[in-house]
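A lone chain, given as structure tokens: the form predicted alone.
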């Protein structure tokens, strides 16, 4: 999994209760730490039956808070200082017990005391047997907390500790991490704006088992879509085959071929305010055989036809106020070719990738790009692709501001 980094280090408290899903919290801690955020852990006595303080202290790099009155606490009012420090509080796993305590204002241990002292965004990730989760008292407590503004990441369906498959399984750490980023990084700077982003590669079939494609991983496009969603945009992501995942606030449309992507993008672009075409779309496609082509001693020739030019069509249909961003991957005469594409496709911005041994753009978590407009070319240093996404959206917002003046 790729870890998206925000432009600012944040402070996260992770609360852990007594359930078998407690081991998953280790992965959640690692996701935040790999993204260079600070993490502190509050754990209940029952939680310590499933996972040790040594493990949590090693993963978080911080002292673990498990006893309200422990001599090792940094402050005598640890539950206050801890919650003042935190930008976000996540309880994962959250048992029926801790949900009931919070809903009824009970504070009798380190975690419940800290929860009552916290007045910012709180995320609860329930984990319990399906019969417990469906109990009217538990559902009443959840409803009460939702009314108070507590965010719930609903449990999934899967194998439970009791041995059968049902609802009650804690949301996966990767999903919890991704969804929590909206609460950490979210703004409203693009609220009311529709952004369409393309990502990944396209696959052009030769026959039922062979295809033509390229090395694009889709990472840049996914980071751009995430950043647009963080800023409040209604975000549509049209992506070719990729292993990347995205949060629930992004409307994802999966496609395969260049023709599939053409149809999906043109349909979504009609009412879009921002269109960012980062996908590596095939320029040529074969007419696929319905059956597998057999190997023979003869020379094999493959006839290719041009695919539809999505950027050109978008540029032709671009309406006033709509911002169109393209990408160019070049190996030679890079800036000259990018400027030509900018003008011919009627783009507002083109992002130039110059791939080579010193800048392997495909598959990497970092890249070095240039952001080019008709007025200037801005070379960026090597950055994480999440940081690149933030810069691109910053430039787009600046263009929108200038257009509105």
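Numbering follows the first chain given and starts at 1. This is a predicted model, so every value here is computed, not measured.
What follows is about the form predicted together with cytidine-5'-triphosphate, which we do not show.
The putative spot formed by 279, 307 and 345 is fully lined by cytidine-5'-triphosphate in the predicted bound form; each residue has a non-hydrogen atom within 4.5 angstroms of it. Only one of 144-152, 308-316, 178-186, 244-252 lies within 4.5 Å of cytidine-5'-triphosphate in the predicted bound form by heavy atoms, and it is 308-316.
Checked against cytidine-5'-triphosphate in the predicted bound form, the residues 88, 124, 328, 275 give one hit for a heavy atom within 4.5 Å, which is 328. Shown without its partner, this chain lists 283, 108, 84, 271 as candidates; in the predicted bound form, only 283 has a non-hydrogen atom within 4.5 angstroms of cytidine-5'-triphosphate. Taking non-hydrogen atoms only, residue 30 never approaches cytidine-5'-triphosphate to within 4.5 angstroms in the predicted bound form. Residue contact with cytidine-5'-triphosphate in the predicted bound form: residue 37 places no heavy atom within 4.5 Å of it. Not displayed here, cytidine-5'-triphosphate is kept clear of residue 370 by more than 4.5 Å at the level of heavy atoms in the predicted bound form.
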